[in-house]
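The chain that follows stands alone, in the form predicted alone, written as structure tokens.
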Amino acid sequence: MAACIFCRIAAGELGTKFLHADADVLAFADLQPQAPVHVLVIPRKHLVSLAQSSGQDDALLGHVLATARSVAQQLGVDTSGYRVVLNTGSDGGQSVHHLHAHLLAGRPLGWPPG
């Protein structure tokens, strides 16, 4: 997946500063933040989207969410509140075709989101 920007980030090619890094998951600030806190949480494994994951990926998907929770705690937004979003497919707003969760916080977030 040499053309995938998130695979390149996971491979360490772009010098991205990580808020969290382990063997399976990375978290880093979004370059185009939509909230005062906007962090992307990605699996190192290339998964196109939630829709294209399988039961074999369930533990990894849970780890993505657990990492979002941990980063929210690390950044001190866990008590004020935050949103975790997984966009899936073009109609769902997915623009990078590597599964990623958006952690958004730092201001009141309206509903509906889009």
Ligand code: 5GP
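Just so you know, these numbers come straight off a predicted model, no measurement behind them. In case it trips you up, residue 1 is the first one in the sequence shown, and so on.
Just so you know, the form predicted in complex with the ligand exists too; it's not on screen, but the next bit is about it.
*Asks:* Please run the contact check for residue 56 against the ligand in the predicted complex: heavy atoms, 4.5 angstroms, yes or no?
*Replies:* No, no contact at 4.5 Å.
*Asks:* Would residue 9 count as a contact of the ligand in the predicted complex, using a 4.5 angstroms cut-off between non-hydrogen atoms?
*Replies:* Taking the distances in the predicted complex, the answer for residue 9 is yes, it comes within 4.5 Å of the ligand.
*Asks:* Quick one: does residue 87 come within 4.5 Å of the ligand in the predicted complex, counting heavy atoms only?
*Replies:* Yes, residue 87 lies within 4.5 Å of the ligand in the predicted complex.
*Asks:* Is the gap between residue 78 and the ligand in the predicted complex 4.5 Å or less for some heavy atom pair?
*Replies:* Result no; residue 78 lies far from the ligand in the predicted complex.
*Asks:* Just to confirm, with a 4.5 Å cut-off on non-hydrogen atoms, which of 40, 37, 61, 72 contacts the ligand in the predicted complex?
*Replies:* None of the other options qualify; the answer is 40.
*Asks:* Along 30 to 45, which positions have a non-hydrogen atom within 4.5 Å of the ligand in the predicted complex?
*Replies:* The stretch 30 to 45, when checked against the ligand in the predicted complex, contributes 30, 31, 32, 38, 40 at the 4.5 Å heavy-atom cut-off.
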